[in-house]
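To begin, one chain is listed below as structure tokens, in the form predicted alone.
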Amino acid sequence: MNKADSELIIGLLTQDGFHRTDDEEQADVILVNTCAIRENAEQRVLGRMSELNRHKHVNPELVLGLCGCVSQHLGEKILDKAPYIDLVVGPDAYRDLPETLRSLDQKHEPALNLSWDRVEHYLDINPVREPGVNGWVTIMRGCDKMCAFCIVPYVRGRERSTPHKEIIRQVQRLAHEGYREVTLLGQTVNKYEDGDVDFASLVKQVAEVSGIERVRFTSPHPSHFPDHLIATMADHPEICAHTHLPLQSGSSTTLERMRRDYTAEEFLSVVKRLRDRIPNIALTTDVITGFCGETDEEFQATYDMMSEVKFDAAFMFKYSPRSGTAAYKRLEDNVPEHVKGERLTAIIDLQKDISMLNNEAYIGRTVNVLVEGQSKKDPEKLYGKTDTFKTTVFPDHPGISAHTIVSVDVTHVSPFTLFGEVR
């Protein structure tokens, strides 16, 4: 989502006559777009801004701006720590960027725009996308879930869905530009609703756009998987057989403290319904260890859940308090750091073994791979992803280029990658 917003910002500025440069020394304006969801985001942002500030010694007229969620979260506080920043803009205020930049007077106070806008969808802006095979399309902004550990609702505002006709327009434009894969984005993407068009209806319409061969979406919420959505996924081969399904914890009591509105049993029910209709589906997840009050038994429930579900991959983190969240205000961060670390190591080791076993099941099979380009580790090889989101590496082959789909016979695997030969 942060990357999609960066593409949107570039589109806004390009539309207004700005020209992008990859050379920091030549820039008149440098904007840093930020995410606040991870630990130490503020420190990392301050470090990066301090590093960029050196360019002002060469070009005193340089405008250095901070955009995104850290801007919204910290507001004027960031200017106390980094007074050399000229511009602080939140996620709902990007439309004003060109005018703000034109009117900015560095001899006076920095510009600060953290306004909320319940109707802003940037409908008339065409993002300028990075080269690649996948196009991001933001279908909703904000979040209403208010999970105890999460800062997102406080920095991105209330949930609102983009009109479906605008989404289809963007997808059609992507297809015209040669993209064969799109990813629909939203904090709770499967809660999308625009009149009588729900998420199942939308994703079906996207799958039917000529030229689009793969449709992905992230991140869905376990509480919003009605049977007709799963049926839509099963009935349309363009919708990839992969779902990122955030678990967070395998303990119902921990989930309750987290303010996740499902139980462990309900999560397992979603997994079962998905696998019953889409047997080859790959499931990935997010897991937090050491959340406030997590007992040994609650952690064991998470460990057991991961063993049972056998996710293909997982993003795993130690809990870290985020100021402004419900957990920060009302719950004690009372799990010792060394315990958090031990638990994290345990599930990382578990997941690595599970990922290896899952990938070994691909050996001897033929997979269709959307080629992304040359392998970073071996320029004589290409890489891409299967519809189940498996990174696949194979020898370069005459006539194969990015944006093409090729059949690869899988010969061997690692926990993270499939390797094979072009059929």
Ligand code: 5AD
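The numbering used is simple: start at 1 and walk along the sequence shown. Please read all numbers here as calculations on a predicted model, not as lab measurements.
Just so it is clear, the following notes concern the form predicted in complex with 5'-deoxyadenosine, a form of the same protein that is not shown.
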How about residue 263 - does it come within 4.5 Å of 5'-deoxyadenosine in the predicted complex, if we only consider non-hydrogen atoms? no
Worksheet item: Even though 5'-deoxyadenosine is not shown here, does residue 63 get within 4.5 Å of it in the predicted complex, heavy atoms only?
Response: no
Discussion item. Check residue 52 for me: does it contact 5'-deoxyadenosine in the predicted complex (non-hydrogen atoms, 4.5 angstroms)?
Written reply: no
Determine whether any heavy atom of residue 184 comes within 4.5 Å of a heavy atom of 5'-deoxyadenosine in the predicted complex, and answer yes or no. no
Which of 146-154, 123-131, 267-275, 109-117 lies within 4.5 Å of 5'-deoxyadenosine in the predicted complex, heavy atoms considered? The stretch 146-154
Worksheet entry | Heavy atom distance at most 4.5 Å to 5'-deoxyadenosine in the predicted complex, all of 257, 328 and 331 | no
In the predicted complex, the residue from 142, 98, 246, 293 with a non-hydrogen atom within 4.5 Å of 5'-deoxyadenosine is 246
In the predicted complex, the residue from 27, 46, 393, 37 with a non-hydrogen atom within 4.5 Å of 5'-deoxyadenosine is 37
Checked 303-319 against 5'-deoxyadenosine in the predicted complex; residues with a heavy atom within 4.5 Å, sequence order, are 317, 318, 319
